[in-house]
Ligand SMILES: Cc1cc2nc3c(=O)[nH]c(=O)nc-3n(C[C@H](O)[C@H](O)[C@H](O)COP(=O)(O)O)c2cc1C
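Only one chain is included here, represented as structure tokens and corresponding to the form predicted alone.
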Amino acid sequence: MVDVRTIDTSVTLFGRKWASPLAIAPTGHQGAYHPQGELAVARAAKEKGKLMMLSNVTSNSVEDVNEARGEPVWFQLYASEHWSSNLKMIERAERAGCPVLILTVDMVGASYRETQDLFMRQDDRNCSACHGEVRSPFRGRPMYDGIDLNAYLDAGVRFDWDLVKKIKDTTDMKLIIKGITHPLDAKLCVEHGVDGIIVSNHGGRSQADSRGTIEILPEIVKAVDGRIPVMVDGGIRRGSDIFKALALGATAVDIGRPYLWGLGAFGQPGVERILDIFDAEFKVVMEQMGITSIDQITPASLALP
């Protein structure tokens, strides 16, 4: 018995207010899904007022994506063992106006991506007569700012807190660490001055039998104890999933595969439709729960103590 005619779904991250807790996670090589790639996603994010995170394995430059978005996006970094390469990307993102740098730490060493291998094209016949030229950056050697990204990502990277300090000493951008799945690491993030965490297992691709992020989230939230924002991605498929993640303590919720499905099917309109569906479903859940603002969503909303 609550008046839910007015629903406020807004959240604030680093002083910036967003109309919804739904954000666009960084995913690479978006040109493989649609010719406009990240530019189409950026325009959809602008149209729908969504936070967008850009992978450094991008098909379009950060400058062009920022222009399409209408404001600087958050920039995600895969660290290299070569500090000069890291520095080059960090400085470029900062020059472009990106306010937040996202360091991904859940890609240490190689990973066996069986699902991706299963979907690789095996038929080598020329099908251009019907389908045009078939190109995919997954089969080539993608380049960004003169860096061979295949070699860049295959390099042995020393992930430790010295790297975090080096990055923090280099840039004024806020630093988020993406790929935290253990509460002790979450506590260390706070102790080492990290500005935020994204609970992520890389979509389950790096280690297929890892725990689901929705299971891990409460442990990370408890460890952080409200000192820095905690975001989450992985397995978010409905507006109700956003609600559950917020109830378990997330500050915001990121999606990856769903908006890529929209991008691959219809380009910018497809991404916009995906964002609309998530927002509409999330609002319906809030109405049905008798909740009018994000701060009212608690573990009790899931009948948890």
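Predicted, not measured: the structure shown is a model, and the values here were computed from it. So that there is no doubt, residue numbering starts at 1 and follows the sequence shown.
Below, we turn to the form predicted in complex with the named molecule, even though it does not appear here.
Three-residue candidate spot V57, Q76 and G256; every residue lies within 4.5 angstroms of the named molecule in the model of the complex by at least one non-hydrogen atom. Put simply, G28 is close to the named molecule in the model of the complex: some heavy atom of it is within 4.5 Å.
Residue contact check for K174: none of its heavy atoms lie within 4.5 Å of the named molecule in the model of the complex.
Contact annotation for G97: none of its heavy atoms lies within 4.5 Å of the named molecule in the model of the complex. Not displayed here, the named molecule is approached by G235 to within 4.5 Å at the level of heavy atoms in the model of the complex. Contact annotation: of the candidates I274, L260, A252, M52, the single residue with a non-hydrogen atom within 4.5 angstroms of the named molecule in the model of the complex is L260. Contact annotation: the named molecule lies within 4.5 Å of heavy atoms from the stretch 195 to 203 in the model of the complex, the single such stretch among 160 to 168, 220 to 228, 86 to 94, 195 to 203.
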